[in-house]
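Shown next as structure tokens: one chain only, the form predicted on its own.
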């Protein structure tokens, strides 16, 4: 059986991180689309977190596939200053439902940074403990949001809406059936049926 590897790295973005232009959103969208398209066939999953001009990324999968991807990422012109934060064999994946989950640095992550006396998101300086805490936070955030299966992640709002409709369908069927029965019972009591 092949080793299951979890590799975590930090890097700085090579695009305008001020948010003043559409550059940031376009580049992030392009990165995620490419990650999701390329990772799924290689059975690589993970998470990408972005904030304050920095990336924090976790890749999980078969050792050879993850190491080959990381080697390519070292030469990706969209980022620089790549620092390997963690690389280890693990018994199971943390992000198995995501070919690449994405999260901006949010209020909860900002609170984690404050506890560590960090004023901004600078994952290059994270301790091993902070790396693990952030991975758990990112994992838990993904589980709470019930992600779409890997095959539907990159397909936009219509796939998310279809997934939401499938989740609601049993409740709608039950509510509709209960409503029809209530109407029929009411009509029977009124002597109309």
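Numbering follows the first chain given and starts at 1. It should be emphasised that the depicted structure is a prediction, and the values quoted were computed from it without experimental measurement.
One more form of this protein exists, namely the form predicted together with flavin-adenine dinucleotide (FAD); it is left out here, but the text below deals with it.
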Practice problem: Would you please decide whether residue 64 lies within 4.5 angstroms of flavin-adenine dinucleotide (FAD) in the model of the complex, comparing each non-hydrogen atom pair? | Solution: no
Practice problem: Mark residue 122 yes when one of its heavy atoms lies within 4.5 Å of a heavy atom of flavin-adenine dinucleotide (FAD) in the model of the complex, and no otherwise. | Solution: no
Quiz item: Going by a heavy atom distance of 4.5 Å, is residue 109 a contact of flavin-adenine dinucleotide (FAD) in the model of the complex?
Solution: no
Exercise. Give a yes or no for residue 34: in the model of the complex, does one of its heavy atoms lie within 4.5 Å of a heavy atom belonging to flavin-adenine dinucleotide (FAD)?
Key: yes
Quiz item: Can you pick the one in 103, 73, 94, 85 that has a heavy atom within 4.5 Å of flavin-adenine dinucleotide (FAD) in the model of the complex?
Solution: 73
Quiz prompt | Interface residues of 55-75 toward flavin-adenine dinucleotide (FAD), as seen in the model of the complex [heavy atoms, 4.5 Å] | solution = 55, 57, 59, 69, 72, 73
